[in-house]
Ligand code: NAP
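A single chain, nothing else alongside it, follows as structure tokens in the form predicted alone.
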């Protein structure tokens, strides 16, 4: 049985990956920052397993910290595949960008060095569209694809989270090229990930749907989001393991692009009694607000941009048919209403 070390297993995406790994016959050694999280992961995946027998043998846990060396060597003993999903993902930028950048970059390199030392030759790394779109589209291109890299000095690229994902992925590719050519690396670069979480612990992306349903903003910025369902993201990670065509490749994972207003209008249509607002904020208001709010200033370069993302490579290499965005939105909203986070 192929053994996978899955880092970040207690995360929104990590739990879905753990579920698909187990359902496809892999043995999972799941890393968490605190072993107290192990029961949370087990409880989240168990109701959805095709076969829950011998789960204690098929799903085990180790405690690992992105910023500490302890435990990594032991965690990778006997492992065939490292699936590194762990990375910080805040909804707002920290005051010190290194709070994001250091654990993202150092954690990725720490995991890769340990993999090299343990003789692990297959690595799947969760990166992000953030490592791609922080740049201007070259002349003649109308959508972002895997050939593009975020420029960390670009107005979009210098945002802390975007910079952290870019520098972490760059560090991974550089490490493999220079120090571990025997490692077959694939990076999976999701866009905005939505879809129902497996338990009541969810991350920043679902919070966007929650914010819209609660009508937190009187008007919505002219922003567009490429969106993908979390199950497709998990499927891509697992399918890449044995697909040799994905080795040495970055793969963008995207279904469709929706504007903030489109998202709000759809959510309002399925939950008409929600407080969702559907008016678009004029550009001049956003510019005025940007003088007082750094988060708004950071998104100004994106206002009005189509934000089209190519999924041609994902479709070609892995033959995936993406779940429609409206399904991901509906299931995200249903989850929030069902669990009492918002009123339907």
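Positions refer to the first chain, counted from 1. Remember, predicted model here, so these are calculated numbers, not experimental data.
Another form exists, predicted together with this ligand; not displayed. Remarks below refer to it.
- Screening 124, 86, 263, 251 for any heavy atom within 4.5 Å of this ligand in the model of the complex leaves a single hit, 86.
- Note on contacts: among 64, 45, 59, 314, the single residue with a heavy atom within 4.5 Å of this ligand in the model of the complex is 64.
- Although the partner is absent from this view, residue 191 contacts this ligand in the model of the complex, with a non-hydrogen atom inside 4.5 angstroms.
- In the model of the complex, at least one heavy atom of residue 33 sits within 4.5 Å of this ligand.
- A residue is said to contact a partner when one of its heavy atoms sits within 4.5 Å of a partner heavy atom; residue 161 meets this definition for this ligand in the model of the complex.
- Taking non-hydrogen atoms only, residue 203 approaches this ligand to within 4.5 angstroms in the model of the complex.
- With the partner left out here, this ligand still marks one of 113 to 121, 78 to 86, 150 to 158, 172 to 180 in the model of the complex; by a 4.5 Å heavy atom cut-off that stretch is 78 to 86.
- Residues of 167 to 181 include none with a non-hydrogen atom no more than 4.5 angstroms from this ligand in the model of the complex.
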